[in-house]
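The chain below stands alone, shown as structure tokens; this is the form predicted alone.
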Amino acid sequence: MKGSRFISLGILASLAAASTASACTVTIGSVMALTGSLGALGQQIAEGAKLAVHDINAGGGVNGCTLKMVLYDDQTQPSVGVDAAKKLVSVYHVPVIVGALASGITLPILTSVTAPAGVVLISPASTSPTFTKLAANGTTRGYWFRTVPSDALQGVAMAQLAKSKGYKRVAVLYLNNAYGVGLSGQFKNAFTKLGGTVTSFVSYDPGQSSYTAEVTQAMANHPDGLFLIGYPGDGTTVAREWISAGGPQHFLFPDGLQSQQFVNDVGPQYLKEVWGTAPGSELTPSLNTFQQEFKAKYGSYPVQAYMTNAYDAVMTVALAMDAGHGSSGLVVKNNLRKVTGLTGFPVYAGASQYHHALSLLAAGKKIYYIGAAGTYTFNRYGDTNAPMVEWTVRGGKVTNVGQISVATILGIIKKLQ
């Protein structure tokens, strides 16, 4: 597969109470954007998943076996991602794939590879509402989960944030894929119902050398701000051309652009008024553990979305295998909800807590995992809810400044119905 590479992960450590290295191995797969327009975010998200593998093996492994993760780079291209998923299923026979990140890549992997094969696909970053519809009509066969909320929540949160910051006339420029289409539609519907006006609603395709035509179209009708939906690569080009064309430098950015590299590439001096949303993390002991471990292992802790969600995706999969005493896709599918929710004994992130979870399961106890991103209650469509963080750019740095609770977002949705 041209340009593709994989990282084979199987780090085994032991706690004093954990078993020593085992001859058996459980292999899962992962497809994430390590390069391409989403690579600026994807590399750190992948580090979150790798950290979970480390903690699981340090805490005793999966059913006494070493957990190994084979990670492929989808280069932020659907065809590359699908090829990677096919190889993971046909060559490595993985029961689970963690990923992808971009909804436009996750979608064809789900429909053409994992669901037909009975392989669980659990994404830490794909937020398109399309997946809920696919699950509802039976296309996913129950093998789809995500540890991140749907953009049905983020679109409303962004609309409310825009209104609270005084935006009345907003142009929307969105990436023409499942992510961009879904989020832009949710925002437009909510913002209009809240009394705002969407002055232009313009899509753009990835990989173009210039977006002059799209920017010119979006600038028509005199908006007072721009909601730009995309990823750091193409999003940088769009933002620069908007600024060069004299568009108002009042920006609304979603999770896909919560990237310090994106800010640096556009130029912090041009991003003096930025308001953004992204799936957030509840303040739990797991979040503190994750932040400390991540910084110790990788040297820093960047402000961006989905690192915690990737960690939690791997942890919940491993616990589901332990609870089901097996490692097949069917076992994971049938046990993910049994190790999440809000009933039983709580267990948290980290190797020692994972080992504690194994002890509870061995004693026949019911557990529920409280993750680095918070608690998970997967509904019948594989969806879960989470708060939305508010972020901005201060002193040239991406900075989280607040949080919108799930209850608040659901309350707004109810009022808008």
Partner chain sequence: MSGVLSYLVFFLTTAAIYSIASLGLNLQWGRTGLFNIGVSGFFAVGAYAYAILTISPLTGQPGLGWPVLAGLLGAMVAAGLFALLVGIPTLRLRDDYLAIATIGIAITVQLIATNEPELTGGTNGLFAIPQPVAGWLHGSGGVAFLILVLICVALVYLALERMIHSPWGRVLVAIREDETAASSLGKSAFSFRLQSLVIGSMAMGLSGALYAAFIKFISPQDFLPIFTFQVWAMLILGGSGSSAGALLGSLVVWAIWTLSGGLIQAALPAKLQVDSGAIQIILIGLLLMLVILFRPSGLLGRKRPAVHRSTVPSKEQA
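Positions refer to the first chain, counted from 1. Between two forms, the rigid core is defined as the largest C-alpha subset superposing within 1.5 Å. Source: prediction; values computed, not measured.
The same protein has a further form, the form predicted in complex with its partner chain, not shown here; the description that follows concerns it.
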Picking from 304, 177, 184, 150, the single residue whose non-hydrogen atoms come within 4.5 angstroms of its partner chain in the predicted bound form is 177
Just to confirm, with a 4.5 Å cut-off on non-hydrogen atoms, which of 325, 93, 272, 222 contacts its partner chain in the predicted bound form? 93
Can you tell me whether residue 83 touches its partner chain? I mean in the predicted bound form, with a 4.5 angstroms heavy atom cut-off. yes
May I ask you to state whether residue 266 is within 4.5 Å of its partner chain in the predicted bound form, using heavy atom distances? no
Residue-level contact is defined here as any heavy atom of the residue lying within 4.5 Å of its partner chain in the predicted bound form; does residue 169 satisfy this criterion? no
Is the gap between residue 291 and its partner chain in the predicted bound form 4.5 Å or less for some heavy atom pair? no
Quick one: which of 58 to 66, 363 to 371, 388 to 396, 42 to 50 gets within 4.5 Å of its partner chain in the predicted bound form, going by heavy atoms? 42 to 50
Given a 4.5 Å distance limit between heavy atoms, list every residue of 319 to 353 close to its partner chain in the predicted bound form, or none if there are none. none
Using the rigid core as the reference frame, would you say residue 186 shifts its C-alpha by 2 Å or more between the shown form and the other one? yes
Tell me, please, whether between the shown form and the other one the C-alpha of residue 176 is shifted by 2 Å or more, with the rigid core used for superposition. yes
Shift of residue 231 between the shown form and the other one at or above 2 Å (CA, core fit): yes
